[in-house]
Structure formats: C-alpha cells, structure tokens
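Single chain ahead, by itself, as structure tokens, in the form predicted alone.
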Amino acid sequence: MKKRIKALGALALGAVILTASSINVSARERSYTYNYDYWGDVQDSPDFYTVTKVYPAEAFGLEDNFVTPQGLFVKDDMVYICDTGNNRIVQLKRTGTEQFEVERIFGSIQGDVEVKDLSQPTDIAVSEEGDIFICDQGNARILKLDSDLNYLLQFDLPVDSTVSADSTFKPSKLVVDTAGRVYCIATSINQGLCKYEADGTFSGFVGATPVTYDLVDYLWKKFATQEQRQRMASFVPTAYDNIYMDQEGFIYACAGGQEEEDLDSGAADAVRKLNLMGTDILVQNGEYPTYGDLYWGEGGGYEGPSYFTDVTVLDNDIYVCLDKNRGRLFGYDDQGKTVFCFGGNGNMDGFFRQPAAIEHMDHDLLVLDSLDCSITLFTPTEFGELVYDAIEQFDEGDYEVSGESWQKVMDLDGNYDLAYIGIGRSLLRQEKYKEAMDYFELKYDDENYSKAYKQYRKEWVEDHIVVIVIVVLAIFLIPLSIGKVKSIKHEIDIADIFRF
C-alpha cells in the first residue's frame, strides 16, 4: 500500500470542500462529488447523485417532528423509520418519484405480552413473509410481530458464559435472513453479532473482529500486577456499529471508531462482508482500503478517519458506506474500487448534521439525519446512471454494450479510472486482448493487465504456431545439417587422399 502524505492530501481535500461551499453554484456542483486516482490524488467528478428532496416530519403530514430517529429500513415500496425519541415506528409508502404517504404509525403492539408499548426503538427489519422485527432497546428485547402487529416472539439477553446474567440487553441493530434467523448488534457485547434461531434460541456469536493491540502494552500487561491490569484497557474485539444483509444473504458490517494506525496498516477493517460462518470475504482489489477518505486533515471540529455508521448494498453489488464524521457517502464496487464520494457537514441540501442511517430503493439513496430529524432522497444523475448501466450490463454478459456505456462515462469524465478499467474488462471478455491491455496500462491495473497479457500471448502463439515450429526446427536442424555436410565433405576428402 502506497504511503500517504496526509498533510498534502488534507490541503487537496480542503480545496475541494472550499470550492464546494463557494457562493458560485456551478463551482459547488463541479466539486460536490470527488474520487481518488491511482496516485491517491483527489479528482473532481461530475455529480453521481443529486438531491431530489429533503423530508422533515411535516412533509409527511405528521404533527409531531421526529426526535433523534436512529433506524431506517426499506422493503419494496415501504420505508420504515424508527422515531426513537418518540417511541414509535413511522411506516411510509412511496407513491411517486418524490411522493411518500404515511401508511401507518405505531408505538404499541397487540397480543399476549406484558409490555405492549415500544420504548426507544432503534432498528427494524421486515422478513420476506412480512413479519416485523424491532430492536426495542428501552425494553431490553427484540420483538417479532406479524404484519398486523400481533406479538409472536421475543429475543432476550444471550444466555452465554461470556455474558453476565445481570447485564442489560440493549439491542441496537439487526438483520433477518430467509430462514428467520436474527443477527443483532447489542451495546456492551463485543464478541461479534448475536445470532438467534427462528424459535428465539440464542445460538452463539459470529463475525467477531480480529483483536489488535500494541506490542508494548501487551508486554507491559504480562508483567503488571493484578491491580495495574485492572486499570489497563482490555484487548477485545471492536464492536460493530451497523449491519446490512444483501440479497444473497451476506452480512455487511461496519465498525467505526477504528484507530488511524490500524486502518492505515490494514490491521483493522472499516467494513466487512461476513458469510454464514462469520468469515470476512470482502474483496479489496482497489488501490486503497475501503475506509472512506484517504486523508484525515483537521479543521472545523472534525478530525481523524471516516467513521462508518451504516452501510447499504444495491442489487448490483455496489455498497455505500455512510460516514458520520464528515457526513459523506462512499460507494464501492464488488472489487473494492471507489465508485463515488460525496457529501459533507452542513445545513444545505445534500449535507448533514448527524447522519445516522442509509438505505436504498433501487438506485435511489435515503439518508436519515438524527439531528436534523429529516430524510434526504438522492437520485442518480445521468453520469451516475451511466456508471450503473455499465456495471449491470457487464454483470448480465452484455460486454460490448457495457463497453459503450463506459465510453460515454469517459466522455463525461476523462479522469474517471473505473471507465478505463471497465472498457478494458469489456474488451477482455470480447477477447480483444491487445486493446484491453492498452486501457489497463493507462490506469496501472496490473492484475487485469496480466490477465489480458496472458490471453494475448496464448492467442499470438496459436496464430503463429506454424512459423514458431519452422523457426524452432530451423534452429535445431540447420546446425545439424551444416555439421552433417561438413562431416560428409571431410570423409570425401580423406577418401580422395587414400585413393592416390
């Protein structure tokens, strides 16, 4: 991983931000979205998304404003908002490009359960069957309800030797798989995700992050007294901040608050992709790790690396991470290459005061701001749709069409690295290896260049096999023939001498 000169990077990114806040609207539009090139330099980019509308509670006809909303979930055309401070769930239905209507609002449940009122709900999920799962944090439980809000089941504090029975169960985020299993993040539990079977039985922890520690602290702890050890920090896994389950059943988990050194060295991951065994299988073939901004300048009250507080995954495997530190959104493709970066802190449309959750509806993005108490709807621009078209066409096997879409992307932004790589990959699949090599070489894509070169070399050998065989035979046969001729001539000369 190339060394990053953070001071220079901070100046470069600062210039982008200053331009973004310029009074000149056209200048702001040019620099609102940015990207990083092969060398790690900040490159302005055409806007990938545009703000369609910002929705406070009154936009939905609600009399009471949202209070510290924490959770957001999308199911088909339904949007569920966890209005945490008001102890309620607001369910919206999308009826148009910009229109949302209140479907229902509920703060209590029905059925055979002692506590019927919700208390500080922080997250919600809806299964394929329509069952509703709620992190009812104030009541120390996870609820399972049917579509009519009837109580079905309750998930309580994990029964495990590593969890004190006196602990208070504070579930914060959850996902549900197709079998009805629940995976949740619970405050104060850092062994990984709490996994519950469909019948409510706790079945263990999965996906604990690797433990990182300083060698000096480790050695000191080895020789410290019992009293000193109690005062020292324990070496424990990092707790996750949020999780999302994609359409294939993989769990994307983000963990903010990582140490700068651990992120820069690769010892910690800001986002992980977990399989059923809890193993991280996230592909990171980009030039830089998937941890948001590469440069961490100080100023404006913000410092340190990006803090990923939520993640959502589109059907085309583009995953978008929400940075609550600087209010930005970072999109990555399935290879870990940066697709877009945009956003910021502020009161203008497209900026945030305290982003808490992100979701998607097709290609549109929804971002929940817990301090501004609003939802921002982002819609892809022409540039963004072209990029998505190119990616999806490639995934569907339309390589030639994908290459044409990438060419249109390049026409709009000649500095967009993914366009060159996308054209190269399309040419590679069309078996135009030499042309593919040229595009990969332009953007220093060594891995794909090697693939194209290997196929080009094989193709060249197959096309010239006759010439190669003739040359090889010539190399071996000509010297043998010359030697044989000389031998025969020598024998003739000797025979002539003895004749006379």
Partner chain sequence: MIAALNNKIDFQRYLGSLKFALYCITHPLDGFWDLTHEKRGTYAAANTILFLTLLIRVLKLRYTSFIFITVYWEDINIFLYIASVLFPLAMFVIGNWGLTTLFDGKARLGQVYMASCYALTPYPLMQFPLMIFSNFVTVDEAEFYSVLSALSLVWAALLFIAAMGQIHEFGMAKNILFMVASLFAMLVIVFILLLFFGMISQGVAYFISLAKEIMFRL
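Keep in mind that this is a model prediction, so the values were computed, not measured. Numbering follows the first chain given and starts at 1.
Just so you know, the form predicted together with its partner chain exists too; it's not on screen, but the next bit is about it.
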item	value
Any non-hydrogen atom of residue 464 within 4.5 angstroms of its partner chain in the predicted bound form	no
Close approach of residue 449 to its partner chain in the predicted bound form, 4.5 Å, heavy atom	yes
Residue contact check: residue 60 to its partner chain in the predicted bound form, 4.5 Å heavy atom	no
Contact flag, residue 441 vs its partner chain in the predicted bound form, heavy atom cut 4.5 Å	yes
Which of 62 to 70, 449 to 457, 468 to 476, 49 to 57 lines the interface with its partner chain in the predicted bound form (heavy atom within 4.5 Å)	449 to 457
